[in-house]
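Next up is one chain by itself, shown in structure tokens, the form predicted alone.
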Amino acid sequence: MSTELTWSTAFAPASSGNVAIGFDILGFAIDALGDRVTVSRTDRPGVTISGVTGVAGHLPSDPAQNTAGRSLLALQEALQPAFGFDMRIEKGIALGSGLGGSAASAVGAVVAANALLGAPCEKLELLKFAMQGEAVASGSLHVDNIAPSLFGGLVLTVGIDQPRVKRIPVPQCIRAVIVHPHMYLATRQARAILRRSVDLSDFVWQTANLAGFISGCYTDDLDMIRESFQDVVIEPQRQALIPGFQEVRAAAMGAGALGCSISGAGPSLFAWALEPDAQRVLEAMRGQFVSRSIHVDEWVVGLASPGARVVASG
């Protein structure tokens, strides 16, 4: 009797891209929410999408236009399995939230499909397939959401054609505070407003902040993390897209946050704080949005997520 799986369900966590100072190269997983993708084997090669449920609203049913579908097509084109894939997506992450919704679907799809292969792929191979799906949503290849969703934790990714992924240790006392205002902000829109050049002084400042931040994470140097947690390149350009951004950030810092910035392309914001301060930081950020009659979703999470994983199969 065959022991091969015929279906698999994977959970892929949400993520916060950029982490202020690491545009397109840094991201951390948010295990409190995510997407679940169920992939089943079909007799004929190809990819179909039989259903999408959850918080996403309408998503393309054409696999080539769907982030999860395009990821599976990339996997199939590369590996040429003797069977096809049918997929059902349960969206737990609102699209346009800045929480890696498109990346989670792409990651969940390839992780679920990988469990059905006779010779499963390494995570780095899966990352490359998922990148093709993410490009459908954002218009470019970048991995700051895909890598943390797949690998978990705080992740640095260097390179696109041959990406190198390094999970960065985070002091255990730190928590991430996530506040999602009920707004939609398309990644393409948030990328389109960015300038294509950077002043030399800003380049030096941002480079120093990135180096200081990573150094602080490796050495448990909270003062270094706090002093380096400032985006001088992207945040100044995008903040106008988020009502009350400056006030929310100031409130978070006043409540004891180590840093506060835009999660991915926005409109969600995140802060890092010591565990005893995290709830106070959350309340301060929420209060600024509520004062503007903007409803929010909110989470306080640790930074040790295991990343995407298979949660059911048969």
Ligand code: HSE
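Note that residue numbering follows the sequence shown and begins at 1. A quick note: this is a predicted structure, and the numbers were derived from the prediction, not measured.
Although it is not shown, the form predicted in complex with the ligand is what the next lines describe.
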For this session: Find out whether any non-hydrogen atom of residue 23 is located within 4.5 angstroms of the ligand in the model of the complex, and reply yes or no.
Result: yes
Exercise. Given that the partner is absent here, does residue 264 sit within 4.5 Å of the ligand in the model of the complex, heavy atoms only?
Worked result: yes
Exercise. Would residue 191 count as touching the ligand in the model of the complex under a 4.5 Å heavy atom rule?
Worked result: yes
For this session: Although the ligand is absent from this view, report whether residue 187 comes within 4.5 Å of it in the model of the complex, heavy atoms only.
Result: yes
Seminar exercise, completed: Students should find that, of 142, 175, 91, 128, the residue having a non-hydrogen atom no more than 4.5 angstroms from the ligand in the model of the complex is 142
Problem set entry | Heavy atom contact within 4.5 Å of the ligand in the model of the complex, the stretch among 142-150, 155-163, 211-219, 197-205 | 142-150
Problem set entry | Heavy atom within 4.5 Å of the ligand in the model of the complex - qualifying residues of 220-255 | 238
